[in-house]
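Here's a solo chain for you in structure tokens, the form predicted alone.
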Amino acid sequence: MAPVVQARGLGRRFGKRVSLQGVDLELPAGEVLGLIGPNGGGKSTLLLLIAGLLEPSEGEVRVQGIPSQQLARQAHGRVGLITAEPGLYPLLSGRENLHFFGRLHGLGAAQVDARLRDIVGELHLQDALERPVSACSSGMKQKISLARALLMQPALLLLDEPTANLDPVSARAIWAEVRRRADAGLAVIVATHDLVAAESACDRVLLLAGRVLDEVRFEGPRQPPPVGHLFGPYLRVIGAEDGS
């Protein structure tokens, strides 16, 4: 089976500054690839190149055999991108946001609601759907953003620091859903500074600092990050159920 993502000699310059160079990459369906590195190391640039939102200065990247920029122009929904900023309309409810973005991709309200049934339960979004996004926590906004991406049933999911500044319950719920979707066949690339989460949930990791410096593969079943001893007391203090 052909890889979902193929990149050859991929690079990007901003003026005289080289942000990324010489990246070769193949990603099959069902794999979570982590991007680890310092700030300014090229993680976000690589995600934007794969999403087709930046033009390469050199090399090329294809998603399911199609140049990524071509897919981006088509607004096909084959690639879902999530950043640390959810990018939702604050005065609309969670459901209204999802209906709006669904319509942009040709989905009717009934189709959106049907696709949401599974997503809402897995991400514990029931209460947030009917509230204005402005009244939701940062973690809930990010889960709505993930629901928006999954709604389009993409072949590839790109996440740029999706759990930055989130509470432990929300962060674990997002990692658990990412892992569950990958196990069902979705290809995922996630840039993160959370080394524990990357080691537990990713199948392999690229270490980036302007170029690929190393690649680490992990053996055995992958899973959401371990909860540790403090997770249970934390849940009791906030009066929440386990969001995993």
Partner chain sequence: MILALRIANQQLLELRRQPAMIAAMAAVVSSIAGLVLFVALTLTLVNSQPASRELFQANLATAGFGLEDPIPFVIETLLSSFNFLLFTQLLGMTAVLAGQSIVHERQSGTLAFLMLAPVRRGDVLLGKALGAAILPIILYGLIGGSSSLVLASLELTEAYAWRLPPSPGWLIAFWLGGPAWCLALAAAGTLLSIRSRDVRTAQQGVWLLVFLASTTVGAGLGGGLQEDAGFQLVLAGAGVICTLGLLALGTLLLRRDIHL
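Keep in mind it's a predicted model, so treat the numbers as computed, not measured. Residue numbers count along the first chain shown, from 1.
This next part talks about the form predicted together with its partner chain, which is not shown.
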- Task: Let me know the one among Ala72, Val112, Leu129, Ala164 whose heavy atoms come within 4.5 Å of its partner chain in the predicted bound form, would you?
- Result: Ala72
- Quick one: of Ile144, Ile174, Val79, Leu151, which gets a non-hydrogen atom within 4.5 angstroms of its partner chain in the predicted bound form? Val79
- Query: Pick from 212-220, 45-53, 176-184, 31-39: which stretch has a heavy atom within 4.5 Å of its partner chain in the predicted bound form?
  - Reply: 45-53
- Query: Do Leu92 and its partner chain share at least one heavy atom pair within 4.5 Å in the predicted bound form?
  - Reply: yes
- Item | Contact label in the predicted bound form: Leu104 to its partner chain, heavy atom within 4.5 Å | yes
- Message: Since only the chain is shown here, I'm wondering whether Cys136 would be in contact with its partner chain in the predicted bound form (any heavy atom pair within 4.5 Å).
- Response: no
- 4.5 Å heavy atom contact, Gly121 and its partner chain in the predicted bound form: no
- Query: Hey, which residues along 1-28 are within 4.5 angstroms of its partner chain in the predicted bound form, non-hydrogen atoms only?
  - Reply: Arg12, Phe14
